[in-house]
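Before any questions on how it binds or moves, here is one chain, the form predicted on its own, in structure tokens.
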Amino acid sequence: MADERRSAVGAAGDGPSGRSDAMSDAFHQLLAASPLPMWVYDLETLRFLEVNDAAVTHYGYRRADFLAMSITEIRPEEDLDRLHAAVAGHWEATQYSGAWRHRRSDGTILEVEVVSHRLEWEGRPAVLVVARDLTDTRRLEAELKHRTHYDAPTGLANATLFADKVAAALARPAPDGAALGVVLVGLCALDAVVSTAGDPAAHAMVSATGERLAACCEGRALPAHLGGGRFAVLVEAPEPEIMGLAGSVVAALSPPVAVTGWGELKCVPAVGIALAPASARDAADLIRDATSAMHHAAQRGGGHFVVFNAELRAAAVEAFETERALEAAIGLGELRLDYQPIVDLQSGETIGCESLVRWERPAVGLVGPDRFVPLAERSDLIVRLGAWVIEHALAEASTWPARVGARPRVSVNLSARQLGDSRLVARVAEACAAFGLPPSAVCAELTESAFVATDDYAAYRTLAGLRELGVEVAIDDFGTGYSSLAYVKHLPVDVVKIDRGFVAGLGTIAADTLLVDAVVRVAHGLDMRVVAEGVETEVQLDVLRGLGCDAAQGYLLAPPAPPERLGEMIDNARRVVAGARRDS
């Protein structure tokens, strides 16, 4: 067998460098034993002189075919110039390594790494090549690179790649007449879709949004999915074209999405635009400013775009400074609580008092919760603020029997972020124990948005824990969000509080009266009590009593007041209800 192999490449007495037969046998044994493809080719003619079994198997050519070919025949045509340059280099260098593409007998292109060594074969210059197939490795690397830079659900660029592209665009001069724009897109109420229709429906909506956005941007901008319901577009064009693209995005994403099992679901897009160089110093600034503009668009209900400007920047700076000052205020004694009585509409007795946080900010004056609570809700600061409210509200409620001769239930407002606080139930239990209050003396109020902006199970688990403790649970501002009594019936809720927007029309707007009547009837059927908020006129009070509403709060009965005035407010509420009963 050894004689047959040697006869195929030269005289039996000559090895690859004119060495002994023993050396030649060792060389052939090395080729035969190697698991990697190996061959020897003539440096002048480029024809194969020897190939091993691994090469025959891996490349699919028969041995005789291999030995009748030149090394150019296993290369793609477009690589031949580079190949000839590399061969020429072998006349100067004895060793070489590099990445190449080889072609198998079936036409498949392989990504390979070769190591070659110049030698003499039967007295002629030749090259020994060892090839390692990296095709699968390169494919895996490409897949990993794609996963690193692209979003799996949508196939769009992800947040990392998008930020890199923005940074690269900022680093180069913009074309004449062009601006660099970042367009941020948020799907309003996607969390509501998760809470009502579930994750599969939300995923379908995100996927459809990605397809629509990609079609809208094709050929003129880079779309990206930043996660959840947030998308982005990077566009370099004159400002009017950027505005036109933003308008097209709003139009493309506004139609409802057909979701199996749910019909058509709609998430209105809110779009924010930031332009460079006027808007930002770096990629993070530009994306942040576009996000800020998007939030402003969402606050206005979505369905349009907002361009970031100096006014929004000033508002953002003010919000940042306010948030920092609030964080300090929690520990500096600048916060206080006012209380508004919740009054039984039949007896006139105060059955509860809602605690309302106020901020006495130095050099500014009294700051209402509408100005600082939303800022706290954007971060974990709301958890600290909420813990402060719980502790102080329960501490003050413990003094009410001595102060006002009664013990109404104290209500504290909770946010969606607080529902995610794993210690919330424990905090309430500890505060009740510390101040000698039964948990039944506490009511936790949550807005509809707090329910739909968090995971159903997490919300249910927290609320169920509060109710198991003995705390009453109320859904606040009912009618302003995305839920319904059909949804609420699945949650551990004791009280439904009708939003003031519907109460305002009682006695004058028939639709509002019908709506409140329906809420009262259905809530009572579900063993829930009903409280009307924002009662400001005797007409509203009379209608509510006639509809069977259980309780009410509002300026007609008693405005929010510091705890030292609570007795006065309770007496006033009792007189108002008594007077309404006499007049009716």
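One-based numbering along the sequence shown. Owing to the predicted nature of the structure, the values given are computational and were not obtained by experimental measurement.
Keep in mind that the form predicted together with a small molecule is not shown, yet the notes after this line are about it.
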Report summary line: In contact with the small molecule in the model of the complex (heavy atoms, 4.5 Å), from 508-516, 222-230, 365-373, 422-430, is stretch 365-373
Query raised in the report: Taking E354, E536 and G554 together, does each of them reach the small molecule in the model of the complex with some heavy atom inside 4.5 Å?
Result: yes
Report task. Check each of H117, H295, R358, R361 and return the one that places a heavy atom within 4.5 angstroms of the small molecule in the model of the complex. Result -> R358
Report summary line: Residue within 4.5 Å of the small molecule in the model of the complex by heavy atom, from D79, D477, E236, E349, is D477
Query - Contact of Q340 with the small molecule in the model of the complex (heavy atom, 4.5 Å) - result: yes
Query - L414 within 4.5 Å of the small molecule in the model of the complex, heavy atoms - result: yes
Query raised in the report: Quick one: is E445 in contact with the small molecule in the model of the complex, heavy atoms, 4.5 Å cut-off?
Result: yes
Query raised in the report: Within a 4.5 Å heavy atom cut-off, is L466 in contact with the small molecule in the model of the complex?
Result: no
